[in-house]
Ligand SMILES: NC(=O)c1ccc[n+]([C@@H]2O[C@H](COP(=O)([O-])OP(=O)(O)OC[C@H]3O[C@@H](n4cnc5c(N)ncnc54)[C@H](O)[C@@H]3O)[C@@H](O)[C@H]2O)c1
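A single chain comes next, written as structure tokens; it is the form predicted on its own.
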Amino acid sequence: MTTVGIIGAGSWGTALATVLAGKGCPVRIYDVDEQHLRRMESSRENTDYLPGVALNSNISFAYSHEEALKGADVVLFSAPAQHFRSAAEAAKPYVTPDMLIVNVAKGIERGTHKRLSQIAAEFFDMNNYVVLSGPSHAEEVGRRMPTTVAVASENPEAELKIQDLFMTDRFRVYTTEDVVGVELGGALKNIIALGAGIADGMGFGDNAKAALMTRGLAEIMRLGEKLGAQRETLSGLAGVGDLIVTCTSMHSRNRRCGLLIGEGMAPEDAVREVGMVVEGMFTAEAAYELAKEAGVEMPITDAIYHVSRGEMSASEAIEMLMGREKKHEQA
């Protein structure tokens, strides 16, 4: 069986561990938080981030990168996007030339504006690199609810191997070669999910959320195509699929954070209340700056960026968006 080393013991990494372990794969999980790992090992459950999901005997715990990756066929990175660079750098000495690399984080690096595959290229052979994304809450995957995702790689052989590795009767995997589109779709939808939560928190209805998601998708497509993504990818699982699930579910930490902001909580307090990484707060900054560099108009992203920084209230953002000059829908 394929041996997998997982870097990052959050909810998503743990849920994917259950998928692989359920197929009989030996899985070793490493995390920088040693006490968190020891609690998981003792209880056979991720009580901090994925409570109620039992971890079977094929899952073991490693207390160093070397222990997690020694003899592994695949390394899966599930560290938050803003920590992917440090995670990749720490793991690099133990990643062998024949090891496949899977990244499941969603985001854009602050400051550099790099997608995660662009960071990975600084450390690894991209012929072995695969990104996995799509509409997939860890809480549902861990409980074996039907889920469908997409994997992308520059190397068709690598993506087919990862497709085979993850496919089960409850976890369906499609392939695509559009790494840019899969990464941008997964990252940018978190910003719109913040906005959807803000709208809900302000007491708005389905009309407002539908408009926000649809016009938000238009912004994602404008920036995505400018940066080399395929429109078909952004219309698929990694784009509109992930956008729908993240904007509508209480499993979404980005939507929950936005909900608190819409109810009047300060952005920094809302992040603390959620208790996990709210990736959309970081991606809003990167996307705002990227859009300016690329000359792409993204009014919803601009508004959410300013609200997330406390520079504009949610009410002011709504007034700004609804008061924009009239235009053609496809303009």
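Residue indices: 1-based, along the sequence shown. Since this is a predicted model, take the numbers as computed values, not measurements.
Omitted here: the form predicted together with the named molecule. The next part is about that form.
Subject >> One stretch from 20-28, 317-325, 304-312, 6-14 that, in the predicted complex, holds residues within 4.5 Å of the named molecule by heavy atom >> reply: It is the stretch 6-14.
Subject >> Listed residue (K114, H83, R144, R215) with a non-hydrogen atom within 4.5 angstroms of the named molecule in the predicted complex >> reply: It is H83.
**OP:** Report the residue, out of A294, V32, A54, A266, that has at least one non-hydrogen atom within 4.5 angstroms of the named molecule in the predicted complex.
**Re:** Selected residue: V32.
Subject >> Any non-hydrogen atom of L165 within 4.5 angstroms of the named molecule in the predicted complex >> reply: No.
**OP:** Please check if H137 has a heavy atom lying within 4.5 Å of any heavy atom of the named molecule in the predicted complex.
**Re:** Judged by the heavy-atom cut-off of 4.5 Å, H137 is in contact with the named molecule in the predicted complex.
Original post:
Heavy atom to heavy atom, is V277 within 4.5 Å of the named molecule in the predicted complex?
Top reply: Result yes; V277 sits at the interface with the named molecule in the predicted complex.
Original post:
Would Y49 show up as a contact with the named molecule in the predicted complex if we use heavy atoms at 4.5 Å?
Top reply: Yes.
Subject >> Stretch 285-310: residues contacting the named molecule in the predicted complex, 4.5 Å heavy atom cut-off >> reply: The stretch 285-310, when checked against the named molecule in the predicted complex, contributes no residue at the 4.5 Å heavy-atom cut-off.
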